[in-house]
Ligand code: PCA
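Starting off, we have a lone chain in the form predicted on its own, written out as structure tokens.
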């Protein structure tokens, strides 16, 4: 069994991206009999999905989890839903800024994650790591990748029962130091969180029913 974890290259003038720093540390790790593979994804609309497709074709994974940076968040946040829209607040790393265009023309408006997101949050909190379900993956390249992944799983599954989703993580402390008052999380904690998330995803087939909703 193969697990594919993706992390992004730096963007928006950052020197690093915590998603790749954490994901790359898990290359070669084995969990519940599965081999974990890490791939670095360009922060570029379109190219991100091409790189994802290539990695899936190569590895034929049974589990795919995209990881992305969410500056300003204080918790590990498994995403509930990907929406079919690209709406860039800033340009991507190729200078592209799509506005109100679909990720995949003619595809559904949204896809739900097939990861056990609430069980992940439960297990992360039980381990002392702040976590919460997120109901918005944004409209930048993270959501673009998340939607593209779920669309592929539905329309071109590589294996029976393949599951996928996306997790956002906070800034690292060295990033947050440039933005007084903005929360951060140590890299070792993020890595530990991803180990827990992967382990939970591999053993939990039906998510728990616990509160994870938000008022707004």
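Predicted model only: the values in this text are computed from it and were never measured. Numbering follows the first chain given and starts at 1.
FYI, the form predicted together with this ligand isn't displayed, but the following is about it.
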property	result
This ligand contact in the predicted complex: residue 111, any heavy atom under 4.5 Å	no
Heavy atom of residue 66 within 4.5 Å of this ligand in the predicted complex	no
Contact label in the predicted complex: residue 52 to this ligand, heavy atom within 4.5 Å	no
Contact label in the predicted complex: residue 48 to this ligand, heavy atom within 4.5 Å	no
One stretch from 95-103, 80-88, 135-143, 112-120 that, in the predicted complex, holds residues within 4.5 Å of this ligand by heavy atom	135-143
Selected contact from 43, 185, 36, 56, since only one has a non-hydrogen atom within 4.5 angstroms of this ligand in the predicted complex	43
In the predicted complex, residues of 1-23 near this ligand [heavy atom within 4.5 Å]	8, 11, 17, 19
